[in-house]
Each structure stands twice: as structure tokens, then as C-alpha cells.
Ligand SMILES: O=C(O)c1cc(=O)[nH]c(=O)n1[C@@H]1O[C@H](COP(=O)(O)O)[C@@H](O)[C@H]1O
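One chain comes next, on its own, written as C-alpha cells: the form predicted on its own.
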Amino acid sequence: MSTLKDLAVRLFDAGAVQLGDIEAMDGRWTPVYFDFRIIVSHPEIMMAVAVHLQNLATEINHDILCGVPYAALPLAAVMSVNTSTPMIMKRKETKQYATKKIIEGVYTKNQNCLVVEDVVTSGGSLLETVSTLRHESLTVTHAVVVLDREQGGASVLKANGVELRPLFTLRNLTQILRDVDRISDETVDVIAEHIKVCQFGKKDNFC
């Protein structure tokens, strides 16, 4: 599992890539859905994903890591342990008792925080985490992500001062899976059309 091609195949065979007319978040429909939460049950795959993300992270100046809750938290944790890089965690909601924190862990003002995410579509979930971190006086300029669905999220994030570094783009991943006969040419075409039609942040968004 040393190459991204090998990783793509393992993710597909493990069920992290699902095909069909699938209802996604907010009632949208998609011909391909990614459930990277499943890799917590596949330690070898999770380690491989984390190591590839670490390789991207070596090119980025950062002091601490933060995974977008919840799917990216295990990945950020593995990266933290592997590289001895401190990690913090954003809560879904502010703690309602005791410390009443929204961020758990130790950090200081102006530290560079690298955000870890599994999938970026519109960029909304990642941007929400970035906004919280910045509100806590942390510096956030980059995010590493397993998959960029190429549906406008990267542009939205860039407009908000965050550069996205993905392991895979949706087109790249589907082409890999086609090359190894996991999916058909027809499926590749359906996904390509979906990317073209379903773009977030644009007036012609028909998702």
C-alpha cells in the first residue's frame, strides 16, 4: 500500500467508495459517496492514509494539528502520534459545564494549525473549523484532505485564505479505479458530468 494507486484500490475494496444514486448531506443526490469513517476498522488502511497525509504536511509550516470532527479525528490522531506533532480537537458544540471550551488541548496564540479533513465538497465543514480556530487566535493557512470532490470547495476555501492539499481529486480517483477495472467507463462519465453540473458557490449550481 505504498502508492496512492494501491491506496485507492484498498479504499474501494473496503467499501469507503460507494456507487449508485445516493442521498448525501442536505438532501443532495450523488452518483458516488465516500464513507472514510469505515477505515477505523481497517488499521492498515488508516495508517496508510495518515502517512500519505503526513507527506503532504511536510511541505507546510505547522505547529499543531486539528482534525475536522468527526471523520478526520482518527487520521489527525495517527498523524500526531507518528510525527510527535501536538493535536487539538474542536468540539461540535461548546462544552456546557466546567471549562466550557470549544477547543480541547493545549495551544498558544498565533500557532500555525494544520487542519485535517476527509472529504471536501462545498468546503463548509472545513471552513467552520477554520473559523473557530481563528477565533481562538490560531493561524490557519492550509488543510490536508483525503479527497477533493472538485465541486467548488477548494475555491471557497482559497477565497477564505486556506490552501487545500488533497491526496486525491475525484477525477483522479475515478480514473485510477477505472484503470484497475473497479468501475466502468460509464461510471467515470456519470461522475464527470456530476462534477460539472454540481458546483458550489456558483449561480448555476443545480445540485
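Start at 1 and count along the sequence shown; that's the residue number. Just so you know, these numbers come straight off a predicted model, no measurement behind them.
Quick note: we don't show the form predicted together with the ligand, though the next part is all about it.
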property	result
Non-hydrogen atom contact F34 with the ligand in the model of the complex at 4.5 angstroms	yes
T121: touches the ligand in the model of the complex, heavy atom cutoff 4.5 angstroms	yes
Contact test in the model of the complex: A24 vs the ligand, heavy atoms, 4.5 Å	yes
4.5 Å heavy atom contact, R171 to the ligand in the model of the complex	no
Whether R28, S125 and R149 all lie within 4.5 angstroms of the ligand in the model of the complex by heavy atom	yes
Residue stretch of 138 to 146, 55 to 63, 174 to 182, 34 to 42 approaching the ligand in the model of the complex, non-hydrogen atom distance within 4.5 Å	34 to 42
Residues within 4.5 Å of the ligand in the model of the complex, restricted to 46 to 74 and counted by heavy atom	none
